[in-house]
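The data below hold one chain only, encoded as structure tokens and taken in the form predicted on its own.
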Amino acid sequence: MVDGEAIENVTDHPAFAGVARSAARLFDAADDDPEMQHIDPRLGPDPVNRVYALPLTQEGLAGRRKSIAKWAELTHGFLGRTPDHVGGIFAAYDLGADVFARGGQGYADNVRRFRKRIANESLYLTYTIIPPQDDRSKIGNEHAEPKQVHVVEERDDGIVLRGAQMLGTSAAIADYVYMTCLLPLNPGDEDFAISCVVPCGAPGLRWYSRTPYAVGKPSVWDYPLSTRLDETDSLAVLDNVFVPWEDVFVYRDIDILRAQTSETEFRTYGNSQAQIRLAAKLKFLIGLAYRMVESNNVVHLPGVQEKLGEIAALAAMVEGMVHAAEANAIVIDGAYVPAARFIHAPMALQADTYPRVLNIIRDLAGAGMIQTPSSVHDFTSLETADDVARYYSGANSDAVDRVKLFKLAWDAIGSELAGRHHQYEIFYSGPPFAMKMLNAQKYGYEEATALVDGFLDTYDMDTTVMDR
């Protein structure tokens, strides 16, 4: 739903046509690249897109990272919910299927069966994993009239769901939505303790999109990111939506609902994709910053060098942690899993890192992103073309190239789309404190405390400097 109207075909609607084509290019690129094709024995004998695979070797884990990076580079990191994110989560669920089996073997079978579908059919999944913002001091049945998605009927062939869930990024162009609740539930909230998948076009499921940023733009040239990479975010509203049992993974079990994320590699596989994407995005932003200062012929100034150096350090930190996670991978049931310590560390700092990069680029750009013509039409109008060509040129570029560059910078840093990405990266993992707490809990203090204990054991009250 957009502007009060139902959209029948997203591929030809101005709000979604550009991003739908961008997403299609991802699948085309994977089909055309032999290095992105991989045989995963858990999925069958045929090659699948490597982004969906469980790596069984160190080389396979590197191949997964390279394939995810290729997709991220095609969108410059501005598509946050590409199919490899939730696809990776289901690979983790396959690996930890015994968690789902606690509710009955059929639920574990459902997880593995659906993961095969994702990979073999190249499905595009998004997720809605938290209830809509209302009274955040309450959860589940604490609300007099719960808005959160919950079970309203159990049938022989499945369950019926009602309520709302957020935040369906890319839902308009996805095939399925994975629905669950990541917030802690209490005894008595069993109706909310579900984990399942629903077709994005299921009867009774309505999507309410935020304001689309692709609509009303004068041209792709003026807004190259907004017109082609606005994945939109939507609220899912379920009005008696039927889900067959084969698409249900957790049913009315609070403990298993919690365990699906805490006792599987849900966060590691999903967030490794997220950090690979963020590394590509930061690298793109550095390139953008460098081209702008180059256009103004100020690259050599010490102050500019300092600022470039800082964003380069921040970007290298994220990229380096991605490689560190891979190099220190652990093996679980024959599958290679990135080391969580090095995935979650940059995520704990992401709410500071991304805004810092944006602020430095704003500083480097000065008024350049604002001092641009109103649209591409200023270059073609007989009344304005001569002035624009003369006064908008750069130190080493003509007006067309310089304005094109600074228009791109504005779309990445200052437009509505840019503002959304600013907010998106800050809260990518929920409240920033939550990821820091996760780091505190999951770091693994054994090595660090062993170093301290070992040193303490080297001396006592009688030790002298001559003792060895």
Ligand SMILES: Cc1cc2nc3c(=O)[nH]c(=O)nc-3n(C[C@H](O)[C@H](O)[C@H](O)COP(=O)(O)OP(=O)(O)OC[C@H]3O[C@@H](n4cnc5c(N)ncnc54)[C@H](O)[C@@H]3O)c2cc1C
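If you're wondering where the values come from, they're calculated on a predicted model, not measured in any experiment. For every residue, the number given is its place in the sequence shown, counted from 1.
The same protein has a further form, the form predicted in complex with the named molecule, not shown here; the description that follows concerns it.
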Inset, instruction - Answer yes if any heavy atom of residue 75 is within 4.5 Å of a heavy atom of the named molecule in the model of the complex; otherwise answer no. - result: no
Inset, instruction - Answer for residue 100 alone: is it within 4.5 Å of the named molecule in the model of the complex, judged on heavy atom distances? - result: no
Legend entry - Distance check, residue 34 to the named molecule in the model of the complex, heavy atom within 4.5 Å: no
Legend entry - residue 424 within 4.5 Å of the named molecule in the model of the complex, heavy atoms: yes
Inset, instruction - Name the single residue among 166, 152, 331, 317 that comes within 4.5 Å of the named molecule in the model of the complex, judging by heavy atoms. - result: 166
Inset, instruction - Note which of 378, 253, 326, 233 lies within 4.5 Å of the named molecule in the model of the complex, where distance is taken over heavy atoms; exactly one does. - result: 233
Inset, instruction - Have a look at 50 to 58, 37 to 45, 429 to 437, 402 to 410 and name the one stretch with heavy atoms inside 4.5 Å of the named molecule in the model of the complex. - result: 429 to 437
Legend entry - Contacts with the named molecule in the model of the complex, stretch 122 to 148 (heavy atom within 4.5 Å): 126, 127, 128, 129, 130, 133, 136
